[in-house]
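Presented as structure tokens, the chain that follows is alone, the form predicted alone.
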């Protein structure tokens, strides 16, 4: 054979290898092909191609492996068991930028599935190579490395600490200052996933100077970047008062309030979450938010939103109101109660209803004035219905019951109390009767209305255990009226039960079958 014919054999072999990896990579991009590829033993065939003499074949083989490993944890496990990871880690340091991106993609695809697989990526020495890649000249390599680090850090505090110990945080902070949006986004996401696990990890992110750079990007026009920025600032703020104050000192207010009108739903949600995480810590931080117009802005946000995105706003109002009477009154003055009442009526998910019930309870528990504002929104019957509905979740029932009790213990608004008198079970009824006993003692007009509306008659119908608190409250109500009126009402109740009896009422006297009452 001539030299040309010999070389043609090698050229054909190279073309065949190239065609094979390109076809497999293409097939691996479609979920319906994955099982067939797996059954055909594709993993064992791709592994040697990672060491191919042709760089393009190496890169395409890595791309195919990444797509396969990304599909499910079984295939990711096969990558680990096939001892492919050490070769990829080695290639991160030695190969060209195209291979580096593909290798980082495989590491990310394996790490994303579970803490165990992420730990396998760490154990093969990937962290050091990925951190070095954060300093690469090519933005695509930086992005791919940051993404892999993000998927490792997101699982738990131990893996996040491993990422921190490898020196990733300062370089991620540098990455959020890069001009490329894709690099900024994934670096902010990685900082978010590191900070979320513990105050110590969040402090590490803060110490690297992340807050100032994140705060500068709040008004960036890119929605995907703003989502990550608000999420990262929220994860930092949630851990402690000091961290929340550091975020506030970066002058995120009032700029963050502008984002509550952002066209992107996730930006609005994450911005509201940031406000919530700051507001929950202290009255002073909540007052700062009130002064900046944050309560009114969140109430408007609730009016423009539906579903799960409302949750952070609802909880934010509850946290603000929980701190003090004045802050709860600020929520009331800003028309927060009617908006929460709308949320309670419109939302169908129990966890949103639970949060709304909790927030209303925090507003109404401070004083009769606060309770009246909540009661006038006609939420008490709805809270009672949620509590009594067997279809309600345990959490919703518990939150509705607690909110009812908190509001009722301060409520002196008779029109809101009366419907509960006829519908509430005994454990709620005792709080309603207690409030009536307080109101009727000092309000003659309320006493007249209580008689004419049938309230007194209803009280006489209640069967209370002798010596119980409920019986004491009933006695207190009876003592608010002349004895003959109470007896008349008692006899009317008895007549309803025994209609064959005859009654004659004289002045100050009631007779039943000749017996004087």
Partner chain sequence: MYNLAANFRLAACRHHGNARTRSDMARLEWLQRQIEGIKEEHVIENRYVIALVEHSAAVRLQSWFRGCQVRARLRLLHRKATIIQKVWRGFRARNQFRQMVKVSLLFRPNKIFLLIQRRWRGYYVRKYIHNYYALKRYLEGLTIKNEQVRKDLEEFAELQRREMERLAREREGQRKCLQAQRLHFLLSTEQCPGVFNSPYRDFPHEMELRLRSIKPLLAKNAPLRRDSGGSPACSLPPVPSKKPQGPFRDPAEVLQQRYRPLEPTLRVATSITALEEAREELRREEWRSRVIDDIFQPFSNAHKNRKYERTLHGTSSYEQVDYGTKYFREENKEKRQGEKPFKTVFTTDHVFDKFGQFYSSAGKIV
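Numbering follows the first chain given and starts at 1. Remember, it's a predicted structure, so these values are computed and weren't measured experimentally.
Another form, the form predicted together with the partner chain, is not on view; read the next lines as being about it.
Visitor: State yes only if every one of 417, 442 and 480 has a non-hydrogen atom within 4.5 Å of the partner chain in the predicted complex; otherwise state no.
Guide: No, the whole trio is out of contact, none within 4.5 Å by any heavy atom.
Visitor: How about residue 262: is it within 4.5 Å of the partner chain in the predicted complex, going by heavy atoms?
Guide: Residue 262 belongs to the contact set for the partner chain.
Visitor: Classify residue 409 as contacting or not contacting the partner chain in the predicted complex by the rule of any non-hydrogen atom within 4.5 angstroms, answering yes or no.
Guide: No, no contact at 4.5 Å.
Visitor: Any chance residue 159 has a heavy atom within 4.5 Å of the partner chain in the predicted complex?
Guide: No, residue 159 sits far enough from the partner chain in the predicted complex that none of its heavy atoms falls within 4.5 Å.
Visitor: Quick one: does residue 198 come within 4.5 Å of the partner chain in the predicted complex, counting heavy atoms only?
Guide: Answer no; every heavy atom of residue 198 is more than 4.5 Å from the partner chain in the predicted complex.
Visitor: Find the only residue in 421, 131, 164, 299 having a heavy atom within 4.5 Å of the partner chain in the predicted complex.
Guide: Only one listed residue qualifies here, and that residue is 299.
Visitor: Could you tell me which one of 308, 282, 258, 427 places a heavy atom within 4.5 Å of the partner chain in the predicted complex?
Guide: The residue from 308, 282, 258, 427 that makes the contact is 258.
Visitor: Look at the stretches 236-244, 347-355, 167-175, 285-293 and give the one with heavy atoms within 4.5 Å of the partner chain in the predicted complex.
Guide: One stretch meets the cut-off, namely 285-293.
Visitor: So which bits of 324-343 sit within 4.5 Å of the partner chain in the predicted complex, heavy atoms only?
Guide: Result: 326, 329, 330, 333, 334, 335.
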